[in-house]
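Before any questions on how it binds or moves, here is one chain, the form predicted on its own, in structure tokens.
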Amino acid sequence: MFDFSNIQGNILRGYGSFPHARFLYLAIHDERAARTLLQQLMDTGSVTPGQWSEKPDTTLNLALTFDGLRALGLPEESLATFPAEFREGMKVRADELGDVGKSSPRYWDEPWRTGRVHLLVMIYGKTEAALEAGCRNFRRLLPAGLEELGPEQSAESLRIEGETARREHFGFVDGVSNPDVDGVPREAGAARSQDIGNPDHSGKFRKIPLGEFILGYPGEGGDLAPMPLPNLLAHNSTYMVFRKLEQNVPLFRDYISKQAKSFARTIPGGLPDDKSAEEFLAAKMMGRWRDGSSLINHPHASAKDISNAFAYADDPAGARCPLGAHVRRTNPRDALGFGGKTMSRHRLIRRGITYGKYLPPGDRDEERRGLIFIAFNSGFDQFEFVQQLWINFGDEFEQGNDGDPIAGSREGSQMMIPGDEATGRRPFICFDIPRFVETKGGDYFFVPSLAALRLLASGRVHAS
């Protein structure tokens, strides 16, 4: 049994009830000053664990890049035991991740373009006022040997028509299929209870082993993910992918609108009265309706149903959910055969939050908006596999070199929407799909356990 209080918050349980967030970027110039700051934060109970007796108004969590661990004085024999992807960092691996063209690091926002982020401070608040107070309190503790790199990154859950909404900027309900992790009690609330694990041999779903996300525990197959040394530093720690993904909402809406008229002609008898061709086409590209309803369970109309107990094996040609749709690529369930075993090692826990204001339909502006993509895994090969082979290429989904229609890195991709013999709907091809999402920064981070933070603060890290 693992100790929830030794794992940082927002990993195994999300901060969905903290709609306001700010990300502060620090460079470490004096390792002693950095260790003193860590010790202060630990002594004052400022770092939020995965379990609390009373819900706080704000949370604070920490993550370090490889350069940050080195700046903190971690010995080389320990640094050498971290995975290669982490040692290189996201910027070096831009080509492998599809961060090319306008997503290239030379176009990233500061501080990612020229700065070297060492320590990421993630502060969430129940209210804007609580968040401000949390940031102010943290900055009071900053010693002279650490430099805050600007600009800070604000983020918050979308406000649509005055209500906080669990949606991303293209209008889709987000975060509805996070993995159900073995040993982690479900949170209260219907939304969370919809989480689901990996397919099992009987066509049902089972929870995913903790070791797929937290270091020091068995994963799929019963083995441990490679751990950096010493064990006290690694145990109950994890790795985090942090990406600033900018969404071009007008471009997405324009493309859908332009294609929808042709798409509508493939549907015999037309669409249901309450559905538009734009909605239907957007759902086909995403793999879910905007309200989160699965195309597998609800192929003809949305139903405000975010249940996750569905599979793709009974839809082999993609008549209901196209083979190349975004959610079918990023979580193929049993679509790739072998009872889902081919995808069971590539799950991620996602904790993204939007930035920028929601753009109402029909409006246009020059504001920037997008998603702070946050994902946890016990090895960066999990994230990179999904990004490289499932999002940026389509071979496994019979899509050749065509990428994900929503988040893929290729300009001018295409996507086949298969026909449906049951309804007589004819096939349709989306040609020349633009790149709707561009990368504007990010890096790979190590998220220490609370015990590991105390070890780092002590300065007594020895690999042996």
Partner chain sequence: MADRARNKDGLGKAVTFNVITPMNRFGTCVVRLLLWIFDRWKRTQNTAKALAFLPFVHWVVIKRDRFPQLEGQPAEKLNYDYLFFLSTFNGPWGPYIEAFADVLYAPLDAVWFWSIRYPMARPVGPLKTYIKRNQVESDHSYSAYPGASVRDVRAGLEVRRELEQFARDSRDLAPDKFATEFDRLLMSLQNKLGSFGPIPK
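Residue numbers count along the first chain shown, from 1. In this text, all values refer to a predicted model and were calculated from it rather than measured experimentally.
One more form of this protein, predicted in complex with the partner chain, exists but is not displayed; see below.
S.K.: Within 4.5 Å of the partner chain in the model of the complex: all of K284, W289 and E366, by heavy atom?
M.R.: No, because K284, W289 and E366 lack any heavy atom that approaches the partner chain to within 4.5 Å in the model of the complex.
S.K.: Just one of S104, T81, N297, T342 has a heavy atom within 4.5 Å of the partner chain in the model of the complex. Which one?
M.R.: The residue in contact is T342.
S.K.: If the cut-off is 4.5 angstroms on heavy atoms, which of these, E76, D223, D314, E163, is the one near the partner chain in the model of the complex?
M.R.: Exactly one listed residue reaches within 4.5 Å, namely D223.
S.K.: Is there a heavy atom of G419 lying 4.5 Å or less from a heavy atom of the partner chain in the model of the complex?
M.R.: Yes, G419 sits close enough to the partner chain in the model of the complex that at least one of its heavy atoms falls within 4.5 Å.
S.K.: Does any part of L389 reach within 4.5 Å of the partner chain in the model of the complex? Heavy atoms only, please.
M.R.: It does: once the partner chain is placed as it appears in the model of the complex, L389 has a heavy atom within 4.5 Å of it.
S.K.: Contact with the partner chain in the model of the complex for H346, defined as at least one heavy atom pair within 4.5 Å: yes or no?
M.R.: Flag for H346 set to yes.
S.K.: If you check in the model of the complex, is P434 within 4.5 Å of the partner chain, heavy atoms only?
M.R.: Heavy-atom contact with the partner chain at 4.5 Å: absent for P434.
S.K.: Which is the contacting stretch out of 390-398, 248-256, 120-128, 168-176, given heavy atoms within 4.5 Å of the partner chain in the model of the complex?
M.R.: That would be 390-398.
S.K.: Between 83-116 and the partner chain in the model of the complex, list the residues on our side with a heavy atom within 4.5 Å.
M.R.: Sequence-ordered list: D95, G98, V100.
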